[in-house]
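Given next, in C-alpha cells, is a single chain: the form predicted on its own.
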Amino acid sequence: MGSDLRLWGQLRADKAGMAGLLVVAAYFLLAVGVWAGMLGQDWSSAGGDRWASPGAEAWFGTNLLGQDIFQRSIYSVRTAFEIGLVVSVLSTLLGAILGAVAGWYGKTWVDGSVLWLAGVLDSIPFYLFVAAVAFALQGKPWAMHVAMVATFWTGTGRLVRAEVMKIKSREFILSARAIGLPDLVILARHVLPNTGHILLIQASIVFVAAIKTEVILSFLGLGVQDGVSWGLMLAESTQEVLAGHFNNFIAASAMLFVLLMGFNQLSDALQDAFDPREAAL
C-alpha cells in the first residue's frame, strides 16, 4: 500500500505525466462515447457538400465525398483504442509468458529457443512481414493485429527474461522451490507479479507503437479494412491536399499528435515512478 501511494505521489508531482494522463483519459472518454453510440455514428454518411468549409453542420468541414471530417476523426479514436488495447494486451501477455519461461530456464535450450525466435522476428522487415501475413490471411481485418502481436512481444520478452533471471535467485523463490512448489506455480504466483512494473510500462509503449503502426499500414492500404481511422483519413487527404483542401489532413494529424504526445508523456512518467533509483531517494 505504501509503495502504491509513493508511486501515485511521484506521478502526481510530474506535471508532464499528469497532463499526459488527462489527455489519455479525455481520448478514452471519446472512445467510450463512440462505443456507446453517442458520438461519431455518422462517420460514413455522405450527405454533405463536397469539401465544405468548417461550420455548424460540420465542425471540421467535409471531405471529397461530402463526409463529416469531425465525425470521422472522432470515430477514429475508437479505432485507435481498439487496436492499441488489443495489441498491447496480447503482445505484453505473450512477452511476459515467453520471457518468464526463458528467464526461469536460462542458459538452456528453452531459453535459447525463445531468444532465437525473438531474433528471427526482429530481423524480418516489419512491413514486409505484415504484407506477408495480410496475404496469407487473405485480407482478413485482424491480419494487422496478428502481425503486430507476433513482433511487438520481443522487447517485453527480453526485459521480463532479464528480470526473472534476477528474481529467481532471491530467497523467497529459493524457499518456494525448497518446499516443492511446481515451477509453473512459482512463476505464476511469485515471479510474474514482481515484473508488473515492466509489463505496465511496456504495455503503454506498445500501445503507442500499435497506433502509429496502424496509421502507417492503413495509409498504405494494409490496415483497417472496414471502418475509418486516422491512417485512412491521411490516405484520403493525399488527393485533397493537391486540390488545396487541408481539413482532412489537419484533423487526422492533430488528433493523432495529441494522443501520442499524451501517451508518451504518461509512459515517461511511469518509467520515472518505477525507477528504483528514484525510490531510494
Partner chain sequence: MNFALRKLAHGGLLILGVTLISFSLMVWFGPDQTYSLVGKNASAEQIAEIRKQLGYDQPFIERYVSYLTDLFTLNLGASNSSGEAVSNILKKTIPVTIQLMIPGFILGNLLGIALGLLATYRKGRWIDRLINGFSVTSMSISFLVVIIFLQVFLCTPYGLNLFPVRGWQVTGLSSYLLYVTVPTLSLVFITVGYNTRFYRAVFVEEAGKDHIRTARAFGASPASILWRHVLKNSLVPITTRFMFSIPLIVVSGSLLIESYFGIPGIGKVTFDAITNGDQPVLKAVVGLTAVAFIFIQVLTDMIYKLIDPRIA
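Please read all numbers here as calculations on a predicted model, not as lab measurements. Numbering follows the first chain given and starts at 1.
Absent from the display: the form predicted together with the partner chain. The rest refers to it.
Checking 79 to 87, 114 to 122, 195 to 203, 160 to 168 against the partner chain in the predicted bound form, the stretch whose residues place heavy atoms within 4.5 Å of it is 114 to 122.
Contact check for A26: every heavy atom lies farther than 4.5 Å from the partner chain in the predicted bound form. Under a 4.5 angstroms non-hydrogen atom cutoff, the partner chain in the predicted bound form lacks W142 among its neighbouring residues. Not displayed here, the partner chain is kept clear of Q225 by more than 4.5 Å at the level of heavy atoms in the predicted bound form.
Under a 4.5 angstroms non-hydrogen atom cutoff, the partner chain in the predicted bound form lacks A19 among its neighbouring residues.
Note on the partner interface in the predicted bound form: the residue among I186, V110, A131, L94 having a heavy atom within 4.5 angstroms of the partner chain is A131. Contacts of stretch 238 to 266 with the partner chain in the predicted bound form, defined by any heavy atom lying within 4.5 Å, are made by T238, V241, L242, A243, G244, F246, F249, S253, L256, F257, L260, M261, N264, Q265, listed in sequence order.
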